[in-house]
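In structure tokens, one chain follows: the form predicted alone.
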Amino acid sequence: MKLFEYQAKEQFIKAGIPIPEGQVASTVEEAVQGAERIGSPVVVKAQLLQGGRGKAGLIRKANTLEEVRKAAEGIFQAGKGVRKVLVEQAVPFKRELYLSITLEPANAKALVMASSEGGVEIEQVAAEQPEKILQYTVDLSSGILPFHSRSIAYDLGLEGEGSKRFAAVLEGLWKVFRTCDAELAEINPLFLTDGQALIAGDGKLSIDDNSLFRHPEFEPGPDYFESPIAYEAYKEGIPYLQFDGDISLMCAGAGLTTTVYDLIHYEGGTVANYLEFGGPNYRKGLRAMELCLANNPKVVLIVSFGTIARADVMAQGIVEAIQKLNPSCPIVACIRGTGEEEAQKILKDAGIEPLFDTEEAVRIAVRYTREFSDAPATQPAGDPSPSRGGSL
């Protein structure tokens, strides 16, 4: 699980790693107020769980409050799903360093990586000049020792006060890495100022999902998700991906889903969302259908092939969902696997003709998106009217 930059820096502060003065803002006005308190110049930074923000124009320097306002407005309106910005003091620096700690699973150790060429081009440095990315393995039980800090600082060209401060930053990052059960703890850039101060200009922190039961403070909120529907699916324990097409896809298994997704596009259709309807979720037909219908799709397409996930249980859940929710869009179902004979009977008794061929199901779903694109459906999804086709 990735954390936002401001969350990573909250952990840095606890570990004694210096960061620029800053304030998180959810609105343009809050950003302006933060800048007024901090004092110019500042940097306005989109809070997204992705890299490349600077190159995408989502990190902007501002010298006046009016520039802060324009920068925040531009970032919020960029269409990237930004819900928060971090307004932060602009740090004058003479060098940008790179420092990170991650896992080295082959030898069950930690891997410390450092470079004197930090900043936005670190990926290019790693690709074109890999020798400039210094690597040091560290035993997880003993942790960072004084000789590690001295050796890395020397290799980065730091000495005197700069070397001592680097040791403190490295020890602090190790503390963050271990106490947060992190898979990655990264500072890039690590600013070195004229006064030999070291300040974490940016931070990344990725937590091992298997350890989240120990870290309720990292429970993801709505800001982590692409849409409110995705957040609701998360709370139900249902894997969900948001898109912007016409067909709401309930599918079982990553391989089958990928195939169906491709088939939809080959037929000229588009996907509104993907919802995992297999594994532990095959008994959640009603809730799954509610989440899919919240997208206002033109069609709901259900494709599954289950062994442990029983087809008859899936079919019963779909029928109950249709009867309770009375969707206005067509429902196309191709449910195969364990108990499929009983599943066929359940669907037929409800007026839904079961399909057996995935490609046929996709073609029907795409056809429905075209037939019903200009006018809303006038019959409930369970109505076996010939005008609706047999897959409803």
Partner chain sequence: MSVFIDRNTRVLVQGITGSEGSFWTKHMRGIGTQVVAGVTPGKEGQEVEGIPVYHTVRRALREHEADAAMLFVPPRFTLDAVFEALDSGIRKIVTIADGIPLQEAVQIRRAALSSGARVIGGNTSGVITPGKAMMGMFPYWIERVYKPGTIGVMTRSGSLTNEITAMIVRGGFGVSTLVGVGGDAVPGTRFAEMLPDFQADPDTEAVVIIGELGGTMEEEVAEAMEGGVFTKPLVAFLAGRTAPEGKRMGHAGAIVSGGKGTVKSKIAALERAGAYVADRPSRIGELLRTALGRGTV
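Residue numbers count along the first chain shown, from 1. Nothing here was measured: the structure is a model prediction, and the numbers come from that model. Here, rigid core means the biggest group of C-alpha atoms that superpose within 1.5 Å across both forms.
Although it is not shown, the form predicted together with its partner chain is what the next lines describe.
Its partner chain is not shown here, and in the model of the complex it never comes within 4.5 Å of any heavy atom of Gln47.
Although the partner is absent here, Lys204 sits close enough that one of its heavy atoms falls within 4.5 Å of its partner chain in the model of the complex. Interface residue remark: Thr259 is counted as part of the site for its partner chain in the model of the complex, having a heavy atom within 4.5 Å. Residue contact check for Glu340: one or more of its heavy atoms lie within 4.5 Å of its partner chain in the model of the complex.
Exactly one listed residue, out of Ala197, Ala90, Ala254, Ala78, brings a non-hydrogen atom to within 4.5 Å of its partner chain in the model of the complex: Ala254.
Checked against its partner chain in the model of the complex, the residues Phe218, Tyr224, Tyr154, Tyr234 give one hit for a heavy atom within 4.5 Å, which is Tyr154. This chain is displayed without its partner chain, yet in the model of the complex the stretch 305-313 from 67-75, 284-292, 305-313, 80-88 comes within 4.5 Å of it by heavy atoms. Within 4.5 Å of its partner chain in the model of the complex, a heavy atom is found for all three of Ser211, Arg336 and Phe356. Annotation for 113-127: interface residues with its partner chain in the model of the complex are Met113, Val120, Ile122, Glu123, Ala126 [heavy atom within 4.5 Å]. Once both forms are overlaid on the rigid core, the distance between the two CA positions of Ile308 between this form and the one not shown is 2 angstroms or more. With a cut-off of 2 Å and the rigid core superposed, Thr257 has a Cα displacement that reaches or exceeds the cut-off between this form and the one not shown.
In the model of the complex, the Cα atoms of Val271 and Phe76 sit 3 Å or more farther from each other than they do here.
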